[in-house]
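In structure tokens, the next block holds one chain alone, the form predicted alone.
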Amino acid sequence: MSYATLKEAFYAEGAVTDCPVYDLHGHMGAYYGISFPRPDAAGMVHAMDRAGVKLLVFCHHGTLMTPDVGNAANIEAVRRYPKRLRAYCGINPNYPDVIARDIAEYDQYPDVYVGVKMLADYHGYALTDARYAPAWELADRNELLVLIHTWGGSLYDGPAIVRQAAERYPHARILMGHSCHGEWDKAIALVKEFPNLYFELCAVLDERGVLERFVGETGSERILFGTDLPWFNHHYYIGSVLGAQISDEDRHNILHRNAERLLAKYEL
């Protein structure tokens, strides 16, 4: 059937062939203090199937929080579902020896990694701390994606720290996870100033009108879709993009075109 808008098509069919969804901000696995119904790879792929999500780029909770698990959890999951998953190499600055090993071995996993993930607010070191330097330098040298947790007012990954990282590593493609949540004006100013910075929508869509501001002030070409799966629900986030006061061209950019462009060099 033919539909007048993407919103009509998604609501009628549940998924749209010419508008696949790419989720560039995911996690995986159990986490303390919360119950996830299906946090394993199989359960998350099932959730992706229900929502029409083609690809998830994630970093396992075990990778970020448990050094003896580390990136092995990412590698195992991607190799189990190579058509549906790719991973960020997780970086925990509390374990410099683990970082050194993972950076040295990064090139051994071209079928797994598309970049690196930093979670500064949780790990307690600012993104610009020297402990992160090997990962930043790898990303800058190879134009890799760097998914960073960012939050308004943070001393570890707030707008001022993001600015320093963008200046220092101009070739890294930096995804501002949560888009400096709450400090929208500063996030917009950063994206306008630095061509290597991208908005990422996880948690942004809890406030009506912010996506419209991003599109209106910067265009939609540097806005990336993400959900924090299994923390949040694909249907809610896709519905929020469909319901925003933006054009279908903007929705195509956000849901798949921008991600396809960033991931073009990988065999997906």
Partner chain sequence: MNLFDSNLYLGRPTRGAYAPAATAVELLAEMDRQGIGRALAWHVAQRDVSPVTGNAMLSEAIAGQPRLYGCWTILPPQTREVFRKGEDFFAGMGRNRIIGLRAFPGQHNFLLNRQVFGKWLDVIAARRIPLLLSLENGVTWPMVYQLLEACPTLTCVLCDIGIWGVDRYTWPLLENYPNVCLETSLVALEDGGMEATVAQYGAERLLFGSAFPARYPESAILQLRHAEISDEDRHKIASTNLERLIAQVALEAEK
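Residue numbers count along the first chain shown, from 1. Computed from a predicted structure; not experimentally measured.
The form predicted in complex with its partner chain exists for this protein as well; it is not shown, and the discussion that follows is about that form.
Interface residue remark: G239 is counted as part of the site for its partner chain in the model of the complex, having a heavy atom within 4.5 Å.
For the chain shown alone, F10 is a contact residue for its partner chain in the model of the complex, at least one non-hydrogen atom being within 4.5 angstroms. In the model of the complex, its partner chain sits within 4.5 Å of a heavy atom of N233.
When its partner chain is considered in the model of the complex, A244 lines it closely, a heavy atom lying within 4.5 Å.
For the stretch 185 to 204, the set of residues having any non-hydrogen atom within 4.5 angstroms of its partner chain in the model of the complex is empty.
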